[in-house]
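Shown here is one chain on its own, the form predicted on its own, set out as structure tokens.
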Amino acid sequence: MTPLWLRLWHWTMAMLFTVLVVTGVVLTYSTSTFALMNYALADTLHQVLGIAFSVLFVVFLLVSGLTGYWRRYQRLWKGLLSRIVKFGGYVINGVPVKGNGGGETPPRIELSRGLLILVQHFLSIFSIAVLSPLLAITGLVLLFPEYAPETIAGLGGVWPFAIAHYWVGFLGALFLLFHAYIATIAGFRRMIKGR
């Protein structure tokens, strides 16, 4: 059972991140002759929603810690990479008859579905442990550039954070697309009804 607080957090973060991606594209690629939306509005939305994203991420960490829900991710992580490799081998080579108890080999489409769900678990944990904190940290540095170091690796102090924010946001957008695709395979039921 997926708790209600997690489902509400999940959908809120998904909506926030979608708008952050759109406004990030506007802020990065707008020109004087073309913009998807008003640049000033995009800037304000990106800042306000970026702060909301960061705050909700911290709330998630606190609630997960206080309720013990973080153990679910710990259980998912245990042996995850070896299961991904194992299922990947099954998708490519088929299930060995010996390991299958002598029964019929599952169709490759079912094996690939299992593999994609395992990859989804890996990417979800990666987004929580790496992408979201990096987005929040680099975004806060860009929001308050006066606190950035003068230089980093010979570049102006803000530039490495801006480049990191761009690439982490790009990876996050790819994750969001993959996540939405996996949801169509696995079904939205769990994140709507909790089962």
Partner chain sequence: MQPLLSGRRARVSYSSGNLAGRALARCSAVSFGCVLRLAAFAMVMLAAALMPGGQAEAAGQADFMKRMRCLACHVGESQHRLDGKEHISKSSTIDMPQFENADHGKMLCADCHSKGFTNFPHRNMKTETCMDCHPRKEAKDAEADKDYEFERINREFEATVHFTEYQHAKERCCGTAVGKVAAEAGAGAAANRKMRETGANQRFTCEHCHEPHYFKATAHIKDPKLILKNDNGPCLHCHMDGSSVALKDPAKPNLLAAHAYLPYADMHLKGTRCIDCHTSVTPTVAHDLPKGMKADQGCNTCHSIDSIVVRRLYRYVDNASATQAGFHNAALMKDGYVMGANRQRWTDIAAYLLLSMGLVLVVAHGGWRVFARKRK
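Residue numbers count along the first chain shown, from 1. Please read these numbers as outputs of a predicted model, since none were measured by experiment.
What comes next is about the form predicted in complex with its partner chain, which does not appear here.
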Ok, Ile51, Leu142, Val59, Ile128: which has a heavy atom sitting within 4.5 Å of its partner chain in the model of the complex? Leu142
Out of 36 to 44, 51 to 59, 65 to 73, 130 to 138, where are the residues with a heavy atom within 4.5 Å of its partner chain in the model of the complex? 36 to 44
Residue-level contact is defined here as any heavy atom of the residue lying within 4.5 Å of its partner chain in the model of the complex; does Ser112 satisfy this criterion? yes
Please tell me whether any heavy atom belonging to Val19 falls inside 4.5 Å of a heavy atom of its partner chain, as the geometry stands in the model of the complex. no
Contact flag, Met15 vs its partner chain in the model of the complex, heavy atom cut 4.5 Å: no
Looking at the partner-bound form in the model of the complex, is Leu116 within 4.5 Å of its partner chain by any heavy atom? yes
Could you list which residues of 13 to 32 come within 4.5 Å of its partner chain in the model of the complex, counting heavy atoms only? Leu27, Thr28, Tyr29, Ser30, Thr31, Ser32
